[in-house]
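Below sits a lone chain in structure tokens, taken as the form predicted alone.
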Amino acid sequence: MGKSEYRDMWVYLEVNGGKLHPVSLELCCEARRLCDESGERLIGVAAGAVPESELAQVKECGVDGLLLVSGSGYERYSTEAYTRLFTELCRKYRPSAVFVGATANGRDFAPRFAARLETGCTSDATELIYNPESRDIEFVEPAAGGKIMAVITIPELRPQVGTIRPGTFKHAPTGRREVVEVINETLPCPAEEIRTRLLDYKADERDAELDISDSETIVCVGNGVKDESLPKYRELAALLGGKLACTRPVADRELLSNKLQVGQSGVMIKPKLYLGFGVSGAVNHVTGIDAGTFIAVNTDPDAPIFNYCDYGIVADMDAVCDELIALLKRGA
């Protein structure tokens, strides 16, 4: 079957505890743009019970339709149920592309159903481009340790499956369509196919200081930071009403938690202000930042970070940090 036989782009709507995961809304907004360029329809796909209030948010992202699946096996996430579900749905409806949030669950089942369909699955793209000549999605992502940006396509097989990290795209609703088609499917998963069972559940203990995804101000320290200097950067972040973050080498040194790591292998951030101190500017770090104002401090005038920032300061990071703290305390 040729790829022209496949139509519509799907976004998996992940629901946990009755709430949509933010990445689902982000992907709907980005896929809306791709559908406008390709002339295809945007369909949100969900399994199990989804509150109407959550579906209303999806509709505001401009979906053309909702494919809602009911049946046993979707009371909680299971690898077998969701892999089977998307395999069967894709065989029946033949979408051209399926976008899945790169959550723990999404990363688990997306490559599995793609393998069953004998198609490709890309991961952690930072940009999605529709090529009108080939009608392929071009998945752009860092490769070779962040030294290059790779463009990955699935030129022959369908659907094109991709997992996208939360925070990669913006939740920018375009508004509800005049008509939103709702397709209801009943597709139970036989209990004997589910090989796991829930023994106990304990919610993650959330530390607000380790959640940097929504902070409007980020002070990020790179590998140039000295162990003894870390408190002053934490103080600067507090004075600015923001949070402290780091690059991967700092997390690897165990100076800060890996939950504070910014970038493709960490947290994608969209602050109003980003200040990077001693950050070299590796591609897999800077592609995780979408800042209103991007300021970099580094002693090396040739550091790659200066190719991305709005303002660059070639100076000792500790000296600049000390001066900023002094100015803020004086109310300057």
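Because the structure is predicted, anything quoted here is derived from the model rather than measured. Sequential numbering from 1, following the sequence displayed.
Unshown form predicted in complex with a small molecule; subsequent notes refer to it.
Contact with the small molecule in the model of the complex, defined as any heavy atom within 4.5 Å, is confined among 188-196, 77-85, 95-103, 222-230 to 222-230. The small molecule in the model of the complex is approached by Asp300, whose closest heavy atom lies within 4.5 angstroms of it. Taking the partner from the other structure, the small molecule in the model of the complex has no heavy atom within 4.5 Å of any heavy atom of Pro271. In the model of the complex, none of the heavy atoms of Ser215 sits within 4.5 Å of a heavy atom of the small molecule. Proximity of Gln261 to the small molecule in the model of the complex falls within the 4.5 Å heavy atom cutoff. For the three marked residues, Ser38, Glu138 and Gly167, no heavy atom of any sits within 4.5 Å of the small molecule in the model of the complex. Screening Ile295, Ala282, Val50, Val58 for any heavy atom within 4.5 Å of the small molecule in the model of the complex leaves a single hit, Ala282.
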